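Single chain ahead, written as structure tokens, the form predicted on its own.
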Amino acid sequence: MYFPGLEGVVVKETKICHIDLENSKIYYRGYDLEELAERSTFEETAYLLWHGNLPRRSELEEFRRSLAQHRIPPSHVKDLLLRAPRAAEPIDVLRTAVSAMAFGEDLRDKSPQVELARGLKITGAMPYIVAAFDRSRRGLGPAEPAEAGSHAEFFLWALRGERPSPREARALDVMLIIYAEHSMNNSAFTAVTVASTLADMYAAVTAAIASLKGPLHGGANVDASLMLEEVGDAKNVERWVEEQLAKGRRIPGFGHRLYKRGPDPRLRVLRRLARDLAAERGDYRWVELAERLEEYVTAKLSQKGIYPNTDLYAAVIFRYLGLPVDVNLPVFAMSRVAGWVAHVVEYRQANRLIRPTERYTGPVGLRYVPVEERG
């Protein structure tokens, strides 16, 4: 049988994430994602995804300490960030830096404990890598805020060189929770495929970052941010959307392989978050633009199963947080790495090399003709 894009093919059993399309709910390890977004932290959520249970206070404190200990990457990775061309895309620098973290490490041990420790190193270092490269291309030295409490606060502080407000840090923290995991998405499948060869965690995460880059996956959030810039104001929405549809173009921030009967359930959290940041800024331009896009495009395209996805309001949140557009995607990777690591470790428990087949549709029986006789 032939399944284009492997749509509908089950590649593994999982206890990590359940997407309940009937009730418009997402669960991490059995916990409602919306409740986690309201009450949890990224660190606690990552622990849950990796270990299968919410940590006790002592376990969470130790996990936070361990993550913080790995915030500053090895010196050869720091040198790489300083030497990277300023014109490089931040997602490419992140991919290369994560790969370089494997240099000099004995990678033969692939036990769950060791691979989780590698996942911790990667997760801990990602915010610094993204922030330090962005500062380097702006002609600034790296910022290493040792006083930062959370993973989210550290990133914003390391990026800006000054402490973010508590609401900004919490907004990014919630974003990291929301994006941490989403079942067998393309980048998670890529990580698992690489891991099935018994390659190490660095290799699996590097491949996942490469997969995330494409505009049909994580790169779509960059397109959504550029769209907001292009539309500019809520009053321009109808004209702009009609122009795009007349040209046969897709509308960034809309459409998803899974959510064809209603909006992505994560929108409920992201919409509120965008409103909160708008209130702190006293600037409702971007959230009102997104809300008008949601209203108008849904009315036009919902009958085709096209509804808003997370990219629409994520673009608004990133804009209120002041992130450069091309940094949006690496932030997505900083979050989704929690899910990638969880899937790699889970798949290895009953590992089988992923090696799909294909259906040949080309010619057969051709005879070789010497080059001097070819017309």
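Residue numbers here begin at 1 and follow the sequence given. The structure displayed is predicted, hence computed values, not measured ones.
Separately, the form predicted together with acetyl coenzyme *A (ACO) exists; it is not shown, and the next lines address it.
**Q** Give me the residue from 285, 163, 257, 261 that has a heavy atom within 4.5 Å of acetyl coenzyme *A (ACO) in the predicted bound form.
**A** Going through each option in turn, the one that passes is 257.
**Q** Taking 4.5 Å between heavy atoms as the contact cutoff, choose which of 226, 140, 245, 117 touches acetyl coenzyme *A (ACO) in the predicted bound form.
**A** Contact residue from the list: 245.
**Q** Would you check, heavy atoms only and a 4.5 Å threshold, whether residue 306 touches acetyl coenzyme *A (ACO) in the predicted bound form?
**A** Contact with acetyl coenzyme *A (ACO), yes.
**Q** Would you classify residue 76 as touching acetyl coenzyme *A (ACO) in the predicted bound form, given a 4.5 Å non-hydrogen atom cut-off?
**A** Although acetyl coenzyme *A (ACO) is absent here, residue 76 would stay clear of it in the predicted bound form, with no heavy atoms inside 4.5 Å.
**Q** Look up in the predicted bound form whether residue 110 has a non-hydrogen atom within 4.5 angstroms of acetyl coenzyme *A (ACO), and give yes or no.
**A** Result no; residue 110 lies far from acetyl coenzyme *A (ACO) in the predicted bound form.
**Q** Using a 4.5 angstroms cut-off on non-hydrogen atoms, would residue 232 count as touching acetyl coenzyme *A (ACO) in the predicted bound form?
**A** Contact with acetyl coenzyme *A (ACO), no.
**Q** When acetyl coenzyme *A (ACO) is placed as it is in the predicted bound form, which of 343-351, 31-39, 47-55, 306-314 ends up with heavy atoms within 4.5 Å of it?
**A** One stretch meets the cut-off, namely 306-314.
**Q** Residue by residue through 218-247, which ones have a non-hydrogen atom no more than 4.5 angstroms from acetyl coenzyme *A (ACO) in the predicted bound form?
**A** Sequence-ordered list: 218, 220, 245.
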